[in-house]
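Two forms of a single protein chain come next, each set out by itself as structure tokens; they are called structure 1 and structure 2.
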Structure 1
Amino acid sequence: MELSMDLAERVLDIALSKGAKHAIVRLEESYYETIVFDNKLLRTYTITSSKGLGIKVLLDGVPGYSYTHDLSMEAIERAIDRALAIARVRKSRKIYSSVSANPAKGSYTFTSREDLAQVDPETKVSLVKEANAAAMNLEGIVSSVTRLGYEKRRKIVVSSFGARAESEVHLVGVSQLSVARHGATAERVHDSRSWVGGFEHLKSFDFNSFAKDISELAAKAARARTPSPGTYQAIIDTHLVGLLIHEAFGHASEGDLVASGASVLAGKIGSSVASELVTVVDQGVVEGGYPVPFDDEGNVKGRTVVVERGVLKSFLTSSLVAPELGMGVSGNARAQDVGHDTLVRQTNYFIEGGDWKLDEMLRDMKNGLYLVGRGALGGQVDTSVGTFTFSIGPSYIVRNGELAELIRGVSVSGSILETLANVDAVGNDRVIRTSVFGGCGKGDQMVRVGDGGPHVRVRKIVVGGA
């Protein structure tokens, strides 16, 4: 069955006629194409696709969610019945007293000019093959894994709160993993680039140089040492700052965690939680990020200022959690796919730019570390304890205001309530990035996000090493 606004409306009517007080219908269709070369051999050329429907109902303040990939009317009715049966489970259930909404209407497209799915498979295969070989044919490189990824995702959300929204997003990207050996030691470095769109971005991109650069960095890193463990002053580059803000603050500002007491930011609205140089924003559509014009409850995702000049202004919310927190709905209810109910998630989360130039920051700091995002693998936070961590790529010691020797990528850690308060310089060079190969994990779900910011300097961060 074709996924259409008509089908979604029909399903909504059935759910309401079966007794749901309110209902949200989600239709989703996705396509993912990936080509991977591993040490000059094709590891896989895979195309996957999926179509499905999700239905959330509310009965006297209790939600129930079910889904189906089988799109026969019979299977759809079964999913509605399952959702209603769940909403009737009352044992230990949380009851929502009210729901708020800011329903989206209309169609939003962020599609490719040249659909990669229509490009001749041989052209795509040879692009990846060549880049893989370019990265492998370097002294000291023992392994090279090169990927191309392309995703098309179409969504329709219709709700009894008035949402009638449709979107289509195309995302293309490349990645490279290089392993270098130097004597008995080995090091790996990974990096990726992604763009909203399709083949047009690859035509103007030097894939071979991108892959080769990673190999060169891996070869250098294999000869580098790890830093001495301890607490350092550090400048965080525009690539790594996305991980910092996402882990060090983003998750803790998610309204569901705040409402359930699982965030150290609960009760801190109006308080100073960061240096006054810091303004933090979550924005649905922004250059460089992953476009989220509306969320999976069908609410508009606009611009949410979370921290303004150091003061905590608002949390990210869904329609269910907003009234509980006494806030407006910010449109941050997102799900990995129709197989999952929504959680409160970040969209594109970033620190706004400031006044500093990087060379001024370096000169002013004199000694410390310059922490680099290229090669970083990700991060994690325990929002209720208030501790976060993320990895860094090969980075630099800073001595007398200048970049000195390279150090290997390690892990760093800090405290949510201290790290942003310790920011003492914010650059004027904001960058936002997204990735077709990953995203952000929470519960058992992964969603695409964007994150970023300018160069940022912190007075204290814990750096692992041996």
Structure 2
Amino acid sequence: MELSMDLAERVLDIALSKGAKHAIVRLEESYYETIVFDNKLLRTYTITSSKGLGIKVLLDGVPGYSYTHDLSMEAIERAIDRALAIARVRKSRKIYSSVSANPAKGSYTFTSREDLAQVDPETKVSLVKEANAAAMNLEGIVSSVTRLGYEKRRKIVVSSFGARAESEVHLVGVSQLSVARHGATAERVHDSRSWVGGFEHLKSFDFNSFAKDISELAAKAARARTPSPGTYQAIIDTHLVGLLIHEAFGHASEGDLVASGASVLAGKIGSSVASELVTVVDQGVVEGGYPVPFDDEGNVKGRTVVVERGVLKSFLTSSLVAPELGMGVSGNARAQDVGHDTLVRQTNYFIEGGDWKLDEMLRDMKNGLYLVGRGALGGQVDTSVGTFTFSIGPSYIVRNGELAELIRGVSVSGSILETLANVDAVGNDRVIRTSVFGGCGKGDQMVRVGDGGPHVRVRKIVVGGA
């Protein structure tokens, strides 16, 4: 059966006729293609696709969720019955006395001018093969892994709250992982680029130079020294700012964690949580990010100002969480696919730009570090206390207001609230990124997100060296 608004409305009517007080119907189909070259060999070329339906019901204030990939009416009715049964047996659990909604209506498309799925496979394989070889054929490089990814995702959400929304998003990207060795030292550097759209972006992008540049950086980093551990004044680049604000602060602003007491931000609405130079936003559709015009409950996802000039203004919420926090619904209920129920998740989370130019920050700082997110290897975050530790990419010493020697094996750690309070300059060069190769993980689910910001300078941050 084809996915359509008519089908979703029919399923909604059936759920309500069976006794649900409210219901949300989600229809979704996706296509994902990936090509991977590893050390000049084609390792994988995979294409996967799926289609399914999810149904969430509220019965006497208790939710129940079920789904099916069989779109016959018999299977759909069984999914509705399962959702109702789950709600009945969960009555001893939490009961939601009220629900908020800001229903979306309309159709939103963020698609390709040239559908990569229709491009000859040999053309796509050749692009990745050449880039992989360009990255491999450099002195000191011992490994080169190059990827191309393409995703098409179409969603329909219909709800008893009035949502009638449909979207289609195409996302394409390339990535490069290079490993260099110098003596006993091995250094790996990874980076990727993704765009909303299709083959038109790859035609205008120099994939070979991008991949080669990653290898050159890895080779230089393998020869670099590690920094002396300590507390430094530092400029944080646009990539690392996105990682920090998403992981260390963004998750703490998700309303379900706040309501459960697992966030350092609980009880701090109206309080100062950052320098007055810092404004933090979660926005559904923004240049460079992943488009989320409405969430998986069918609520409008617009622009949510979480922090305004250092003051905590709001949390991210869903229809069920918003009343618990006494807030409006922000449109942040998201799920990995129809096989999962929604959680409160970020969309495109970033720090707004300021007035400073990067060279002005460097000259004014004189001495310190320039910390880079490209090549970051991840880390750990504890939202309940607001602490973080990240292994980041090859970075630089700043000496006399200029970038000096490269350093490797850099890690940063600290309290996110203290770090944000120490911001003393915010750049005018905001950049937001997304990725077709991954996203944000929470509750065993992954969703596409965007994050970023401008260059930001902090008076002090704890830095370690591997």
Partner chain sequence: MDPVRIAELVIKYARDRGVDEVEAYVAWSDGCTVSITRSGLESIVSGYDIAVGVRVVKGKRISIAGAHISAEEDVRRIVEKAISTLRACPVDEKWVSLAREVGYSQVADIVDSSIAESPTDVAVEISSKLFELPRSLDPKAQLVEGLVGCGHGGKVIASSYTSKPLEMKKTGIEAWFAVRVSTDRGEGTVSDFVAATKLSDVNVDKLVARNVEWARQCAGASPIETGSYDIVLAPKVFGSILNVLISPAVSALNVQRGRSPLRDKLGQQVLSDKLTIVDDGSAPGLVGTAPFDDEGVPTSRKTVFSKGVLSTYLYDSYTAYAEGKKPTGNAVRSGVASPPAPGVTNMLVIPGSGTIDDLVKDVKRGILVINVIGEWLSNFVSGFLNFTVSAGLLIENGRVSKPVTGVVVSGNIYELLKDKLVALGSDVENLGNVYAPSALISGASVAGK
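Values in this document were obtained by computation on a predicted structure and should not be read as measured data. Throughout, residue numbering runs from 1 along the sequence of structure 1. In this text, the rigid core denotes the largest set of C-alpha atoms whose superposition between the two forms falls within 1.5 Å.
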Quiz item: If only one of the two is the form predicted on its own, which is it?
Solution: 2
Quiz item: Do you see a C-alpha shift of 2 Å or more at P229 between structure 1 and structure 2, with the core held fixed?
Solution: yes
Quiz item: After fitting the rigid core, is the C-alpha of G375 off by 2 Å or more between structure 1 and structure 2?
Solution: no
Self-check item: Core-aligned CA displacement of G61 at least 2 Å between structure 1 and structure 2
Solution: no
